[in-house]
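Just one chain is shown here, as structure tokens, and it is the form predicted on its own.
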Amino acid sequence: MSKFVDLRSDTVTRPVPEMRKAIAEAEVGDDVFGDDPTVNALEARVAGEFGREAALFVPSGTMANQVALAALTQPGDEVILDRQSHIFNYEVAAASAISGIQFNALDGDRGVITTRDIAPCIREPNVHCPETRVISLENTHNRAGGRIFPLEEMISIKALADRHHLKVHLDGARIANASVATGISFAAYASCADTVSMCFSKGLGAPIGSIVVSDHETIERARKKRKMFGGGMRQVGILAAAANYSLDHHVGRLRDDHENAARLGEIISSIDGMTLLYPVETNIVVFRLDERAYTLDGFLSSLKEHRVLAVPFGPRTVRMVTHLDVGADDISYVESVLRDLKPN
């Protein structure tokens, strides 16, 4: 086998030739001045698909989340979220360092926090305490193995937030995976949040870029925060063209990734010494190694020797993510490698 089967993340995808052509032919302007026509078209398109007034194109998922939170809060405010969320674990404490936000991290059920969890944590006005300002959710949930956040619970959380005059942010980096898996529209998910982020450079296969949707006023605040954080871009229509291509051609095909992940989960479940940690709902597979059979470093090294890449995801825990550069034949090859691995 000449190539690596790279299951480290769906961020490793490379733009397909047709996407590269769209990039090369993109009409561009200066986005900071607001006159890049391809960016403007993308923002209008996504805002419409999410049923919101406006959108803002940004370089990364982390920036999307951070400009959204910054636009919804003041320094000293508190944000309630799940302890395993991406914003809490993988964004370098940006909300605290840059926006002065405090987190109240709750222990959800495999990434899902409920109104029952949240309600007691909403602070009453008190001179000694931060003000609860935002509830942040994640869909699909990375550390919960690509779990889909139930829409019914999102609706309940938004109603709770409205009663307490709070805002809801949805980290929807993989919202397209949730939508394809459930048949629930982007707009239905977005109706449960005040701001929503979505990433183009994961399963959708663009080389870079995320987007935030909200109302006009919030997006204008987010636009200023983007500039403050160093995310103002110029002739970025070349990247917006890739994002548009991904929406045209790579949303429906996420079903293939889900099918490949489900098959991978079944394979892992059938091998002694490996235990699937979570049901496979979308494109993320997380499993634990029996300490009597494998060491984590030894297991990952053995995979790499056989041209398969994965990442550690906790003690004796491995994550594999399917994406558009991984086909059914690749999964068959990974199965042969996993079944032939010797304990180490």
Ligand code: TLP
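Because the structure is predicted, anything quoted here is derived from the model rather than measured. The numbering used is simple: start at 1 and walk along the sequence shown.
This next part talks about the form predicted in complex with this ligand, which is not shown.
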| remark: Checked 240, 173, 212, 135 for heavy atoms within 4.5 Å of this ligand in the predicted bound form; positive is 173
| Listed residue that, although this ligand is not shown, lies within 4.5 Å of it in the predicted bound form (heavy atoms), from 317, 302, 40, 60 | 60
| message | With a cut-off of 4.5 Å between heavy atoms, is residue 202 one of the residues that contacts this ligand in the predicted bound form? | response | yes
| Using heavy atoms and a 4.5 Å limit, would one call residue 86 a contact residue for this ligand in the predicted bound form? | yes
| query | Would residue 65 show up as a contact with this ligand in the predicted bound form if we use heavy atoms at 4.5 Å? | reply | yes
| query | Heavy atoms within 4.5 Å of this ligand in the predicted bound form: does residue 91 have any? | reply | yes
| remark: Among 230-238, 165-173, 71-79, 111-119, the stretch whose residues bring a heavy atom within 4.5 Å of this ligand in the predicted bound form is 165-173
| Who in 7-39 is close to this ligand in the predicted bound form, meaning a heavy atom within 4.5 Å? | 9, 11
